[in-house]
Structures are given as structure tokens and as C-alpha cells.
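Two versions of one and the same chain are coming, encoded as C-alpha cells; call them structure 1 and structure 2.
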Structure 1
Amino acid sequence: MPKPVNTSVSRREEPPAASTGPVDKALAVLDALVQPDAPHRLADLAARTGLPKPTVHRLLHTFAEAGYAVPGPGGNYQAGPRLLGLAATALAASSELRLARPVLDDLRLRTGHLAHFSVRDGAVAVHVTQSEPSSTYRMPLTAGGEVPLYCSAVGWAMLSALPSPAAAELLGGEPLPARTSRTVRDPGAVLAALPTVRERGYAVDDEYAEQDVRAIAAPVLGPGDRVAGAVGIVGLTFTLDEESVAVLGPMVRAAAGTVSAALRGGTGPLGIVRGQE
């Protein structure tokens, strides 16, 4: 069985409060509806959103009438054609994804590992696209999957490119939840590691989010040094071993630099990833 990598986690620590407004409730249900492992049972959607079942059912009925949800047997629901169409339109219009995809394909060919592009949503990284190799060991990252910034290579990469006060605010001051025995739980320790990430140009997730999984990532910067996302590779620790990090890290950094240059209007050839910048 393939081992999930950076599997989806809620961008909220707790379900939304019942006092949220109608738009917040609708957005919470839509957010739950597009999570992996669809179709979703009504009870699961209610548990994920923290809303009463009657409220979730009423919203799902409205979404189904408008084509944003599709009901199935047994009271299950999944994203409908209009919602999928909106997602496809947004993805097609994204300059970041259009520029990143050929670079990811090239990075995957050169490294032999799954290459992906993620963006930041608050304190989580959201995986939006990937290039996956043919391999016995599959790394099932899915579009829309989320992972906290504090325990992921893409998260550390994006944090390193933010001003220190902004990174500190995102990490907070309380001990961070452990995802594995190797998760760095002290926000101060994460902050202390970011200058090294910044100087080196890439971050390494050494089983911080998933046991037996290692990742390397580098930030993608747009005009004005805006953090547009991060390019990364993911592999099992016995294939993406510690010795290979020193070789593959600069390749990931160069890939992110290629996307950054293109976003800034540079002329660097997309899809050509060099080991050194």
C-alpha cells in the first residue's frame, strides 16, 4: 500500500464556531467537500465543519441544485461539475502553475522523485500541482492537500523568504503539534533554522511530517520578492537519502529560481534545471 505523504490536514485547529455567518458556513462545507477521499458522508462533512447536520444538508441541497455538489447513494456527496469547472478555470489562469509545470517535469526527470509546487494559505502549505515518476513506491500527494508550514520542506522554504516577524507570527508561541517523533515542535527552533535555509537556498524536511519520508524545497519569488510558493521534491528516505540531499538540493533551488525568474519577466529557459545557479 502506498504511504500518504503530507496528507491533508485542516487549515483550522478546531471546527468553525456555530456562530459564523451564512457565507462562512457555505465556504466551510465547500472546503470539506473538495477534500480527498470523496465521496463524503453527510456525517463526515458535519464533523469536519463543526456544523449541525441539518445545516450541512440544507447547504448541500442548494449546492446540488446549482451544480456545485453531486449527491450519491447512501447520502454521500462529492464536488459537482460547476465546482470542478471553477477549479479548472482558476488553475488554467494561474501564471505560477503555467510556468511551474514544465520545470516540475524536468526536475522529476533529473531527480527521479515526485516534484511539486505548493502555495501558502495562512499557516499551511497547499499542494496545487505535481509531476510524478513511474515507480513502485508511489507518493500520493494530491492537489488541494495541505500540510502545516512548520513541519514541511515547502513550509520552511516559504517561511525563510518571509520577513522574520511575519514568520514568527505564523508559527506562534506555543509548542507545535507533533506529526512524527522528529517534528520540530519549538517555534523558536524553527525560526532559528530559517537563516540557514535562506543562506543555503533550500529547506529539508527530514521526516518532520511523515515517517520514512524526506523532502527538499526552495521558495519561488515573484515581482517585489513576493513569496509565490515553493518547488519541492519528495521521496522515501531510502531513495532520497541524506547523501543525495547535497546533490539534489541545488537542483531544487535552481528549479525554483527558474520559476521565479519567469514570474519576474526574466528570460531563463523554462524546463531547464541546472545543478548550480
Structure 2
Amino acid sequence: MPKPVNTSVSRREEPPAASTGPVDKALAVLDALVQPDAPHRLADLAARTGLPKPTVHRLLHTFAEAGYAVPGPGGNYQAGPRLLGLAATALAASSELRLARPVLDDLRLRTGHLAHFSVRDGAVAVHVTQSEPSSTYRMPLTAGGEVPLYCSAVGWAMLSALPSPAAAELLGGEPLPARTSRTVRDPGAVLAALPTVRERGYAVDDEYAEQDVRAIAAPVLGPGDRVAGAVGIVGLTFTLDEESVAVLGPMVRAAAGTVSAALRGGTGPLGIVRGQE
């Protein structure tokens, strides 16, 4: 008796975003491959990317031949040495990142909170590096993670340093999804808050994205006042309480200013003499 193929209506919305070109598919697989829950099985990668199984398999084979993925026993894959090398090179080559790191360490030491540096990708912020206190028993922030601009301190900070029309366009006209009961859902309200952020020099996220989590951030500006990213600290509300915001805010603002100044001043695109290769 032929079993009916399980074609039940998926309860989960299909996120697949059918990429048109092979390069987009390759990027999708790479993105899935570096996710923290390694090693990855072929079926999982196919499900996550929404690509057909043979397609993912072929891409993984290509990656493996180039050293960007390494196949394990039982047909599971993980990030390969060349991918790790690429990642290390990319992070080392980013001048803002290289300059931000020591500032983040200093900021973490002086505030006791997790300090991080994020950059903007469209309407979301990507956390690129961070300095964690040893006492973090639960990490409210993951490296490489993303958070919408409208509900994060780093997001508001970067929005505040953008021209108003650009900020308005990024926020859109529709009501924004609520993450907590305190999320500011009205784009107009977010826009109205930006002048205050500009005046103070730092933005505060009061449980906008997650319950019991507060954050403070300030924008980092590169040459020509271009927004390069944002520096911020994150903590639970009962350690990063309302009173401390008044003293921590200026510290965050100063840290961001330090990075901005370093970006403008010292090391231009080619300030250093590199060895060969």
C-alpha cells in the first residue's frame, strides 16, 4: 500500500528565499555552515537554507575540495580551515574592528558589563566583536548575531548618526513588531527620540528587544562623518539599573569617541607597511 507522502501543510513558515543564482545559494550554505551547532548534517543544512538536498550536497563537495568545509564521518560537515582563515583575515583586516577591540576591553573592565561593537546591515545591526566579563552566566548577545535597528541601543545610536530621511526610510511606515511590552512600535516615535540621542550622545534600550535586558550605545563615525558602527554595553536590568545609566552613558559615549577619533586620525587605508604576502 503506497504510503501517502507527508505533504502536510507546514506549520512553520517556509523561510527559504529562493536564491536565483548559484552564488547566492553558496552564500546561504556557507552562512548555515558557520552556525554554532556544528557539526551539521546534510538534511539540516538543506532544511535551513530551503535548498534541495542534491544542490546542497554539490555545494558542500565544492567547498570541501577548496578547503572551506570538511566532511566528517557519517556525512556531516563543518567549517573548514580555509573558511576559518578567511574569517580571521576578514576580522583582522577591518580597521574599525582592530581599533575597537582594546577600547571594548577597557570599557568592559571599567563598567563590568559586556561591551560590543556592531555594524549596520540594512535595517539590522550585526554584532561583530565583543568583550565579555567572566561572570556572564547567560550571554544576552552572540557574536555574529543580528538585531533590528528599531529595538536596540546600537540601532538607535546608528540611526541617530544618519540623515533623518535615511533613518525614516530604514524604519519604514508600518507598525513594527513588538519584542516585549516596552518595544517602541511606532516608527514616528523612534524618529522623534533620535534628537535626544544626538544631544546626549548615547542611546538607551530599556527592554525594547528582550525582557530584563538593558543596553547603552553610541555611534562610531568614520571619515566624513560616515557611520562606521556603534559601541555598546549590555546587561541585565537589575545590575545595569536606571541610576547607573547616567554615569555609564558618558563612558560609552567616550569609548565610541575614542574609536571614531582613531578611525579618522591614525591608520588610513594604507598606513602600515606590510611584509610580503
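Residue positions are counted from 1 along structure 1's sequence. Rigid core (definition): largest C-alpha set, two forms, superposition within 1.5 Å. Quantities reported herein were computed from a predicted structural model and do not represent experimental measurements.
- Here the chain taken from the form predicted in complex with the DNA appears as structure 2, while structure 1 comes from elsewhere.
- Remark: with the core as the superposition reference, the CA shift of L84 between structure 1 and structure 2 reaches 2 Å or more.
- When two forms of a protein are overlaid on their rigid core, residues whose CA moves 2 Å or more are considered shifted, and V247 is not one of them between structure 1 and structure 2.
- Superposed on the core, the two forms differ at G74: its CA moves 2 Å or more between structure 1 and structure 2.
- In this core superposition, P54 moves its Cα by 5.1 Å between structure 1 and structure 2.
- At F63, the distance the Cα travels between structure 1 and structure 2 is 3.5 Å after the core is superposed.
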